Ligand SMILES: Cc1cc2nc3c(=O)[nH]c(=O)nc-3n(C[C@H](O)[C@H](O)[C@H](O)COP(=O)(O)OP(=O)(O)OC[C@H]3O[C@@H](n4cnc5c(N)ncnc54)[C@H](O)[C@@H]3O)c2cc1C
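A lone chain, given as structure tokens: the form predicted on its own.
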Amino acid sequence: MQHRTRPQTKARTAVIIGGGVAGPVAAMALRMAGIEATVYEAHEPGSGSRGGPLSVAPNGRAALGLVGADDILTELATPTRRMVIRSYTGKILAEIPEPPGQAPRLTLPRGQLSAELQRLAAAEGIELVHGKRFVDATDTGRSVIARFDDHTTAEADVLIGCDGIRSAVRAVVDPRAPGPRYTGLVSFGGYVDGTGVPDTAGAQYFMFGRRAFFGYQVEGDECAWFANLPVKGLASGGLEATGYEHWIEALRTAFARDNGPALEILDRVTPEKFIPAHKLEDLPHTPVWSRGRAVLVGDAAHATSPSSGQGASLAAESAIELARCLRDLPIDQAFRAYHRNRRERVERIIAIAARTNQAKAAGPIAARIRDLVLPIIMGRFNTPERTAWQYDYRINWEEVA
């Protein structure tokens, strides 16, 4: 991206790249701030999968509430009021109740969350343009011009990259930016009906299996499930070249000797309901979040692995914080304030998730040690007082940035 340094004033318009979580939330928050935004999304509506289960934590619900999204999601999502962690023997290693005084965590399909946020943004008059894949941008000093692969352009005061962990905008902001880090785990998940597994009464269960990690929650006749399978030496293109039959057999083998309902749930998975395998990745440190009139938000700047249960929540928080800063400050100052206000929090959560990933991929000896010490660790460090910094976090929209 060409960059010409000139004095900057407050933003009045924005081009947002990406229609996942961060993009629509940023557009709605910017609208509240008096800034007109247009969202450009590479995929056509309905072209993505329903996706596996995704969690929105209490802090994320508070952020979404600022743009009027929490009530809508409450109608669609399943409340997760507690989490239960078991070993492969069936022994309970820890129980985590919902944070006291907080709205419960919500669980819903990943694709449904994005679709509902897009729908809400459109209902508020925000323009969403689909089928536009971002390729480059030019900073004129007075505006920024985004270019798409169909040779069209879009111009605004600022360019906001909400285009995920493999962000094309990040490559423009900083060509030397690090790429995603593979955690050593391949992820699977989805929704199935009629498993015969009893309703979990608002609880989400996690199992450290002998060879892999499994999670599930049942409401009525519907079961949300996911699995993390350690896979070393994953070759480029290996996931795409490996199909349903291979992976479902690998999962069945991994959980064959574990005491839990994993096999019952996997028996209900069909090729049509099988979400393609994907690598669990994170982005622990992105040195540069902005350049000139372009800035990164959500996974484009600070991707945490799903093990944190905070990815969507952090994306919503960052989108709203950026809008607050752009509301009150000239563009260059707003970007610096946004970066300063968000970096420590998001990188701390990313680091915690990385340690969880190590526990999921533990070998036999490390797994025995984990199962012995985890109850002690959870009892000592997973108290409401110790976790309040995550779940009690609120952005004060009324406060001047």
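Worth saying up front: this structure is predicted, and the values here are computed from it rather than measured. Numbers for residues come from their place in the sequence shown, where the first is 1.
The following text describes the form predicted together with the ligand, which does not appear among the structures shown.
Asks: Counting any heavy atom within 4.5 Å as contact, can you tell me which stretch out of 216 to 224, 292 to 300, 175 to 183, 84 to 92 lines the ligand in the model of the complex?
Replies: Looking at the partner contacts, the answer comes out as 292 to 300.
Asks: Does residue 66 reach the ligand in the model of the complex, with heavy atoms at most 4.5 Å apart?
Replies: Taking the distances in the model of the complex, the answer for residue 66 is no, it never comes within 4.5 Å of the ligand.
Asks: Does the ligand come within 4.5 Å of any heavy atom of residue 17 in the model of the complex?
Replies: Residue 17: yes, in contact with the ligand in the model of the complex.
Asks: Contact with the ligand in the model of the complex for residue 132, defined as at least one heavy atom pair within 4.5 Å: yes or no?
Replies: Although the ligand is absent here, residue 132 would touch it in the model of the complex, with heavy atoms inside 4.5 Å.
Asks: Any chance residue 164 has a heavy atom within 4.5 Å of the ligand in the model of the complex?
Replies: So residue 164 counts as contacting the ligand.
Asks: Since the partner isn't included here, can you check whether the ligand sits close to all of 110, 311 and 315 in the model of the complex (heavy atom within 4.5 Å for each)?
Replies: Yes.
Asks: Would you mind picking the one in 31, 336, 43, 370 that has a heavy atom within 4.5 Å of the ligand in the model of the complex?
Replies: Comparing distances to the ligand in the model of the complex, the residue within 4.5 Å is 43.
Asks: Heavy atom within 4.5 Å of the ligand in the model of the complex: which of 138, 187, 78, 200?
Replies: Looking at the other structure, the residue within range turns out to be 187.
Asks: Mind listing which residues of 250 to 276 have a heavy atom within 4.5 Å of the ligand in the model of the complex?
Replies: Heavy-atom contacts to the ligand in the model of the complex: nothing from 250 to 276.
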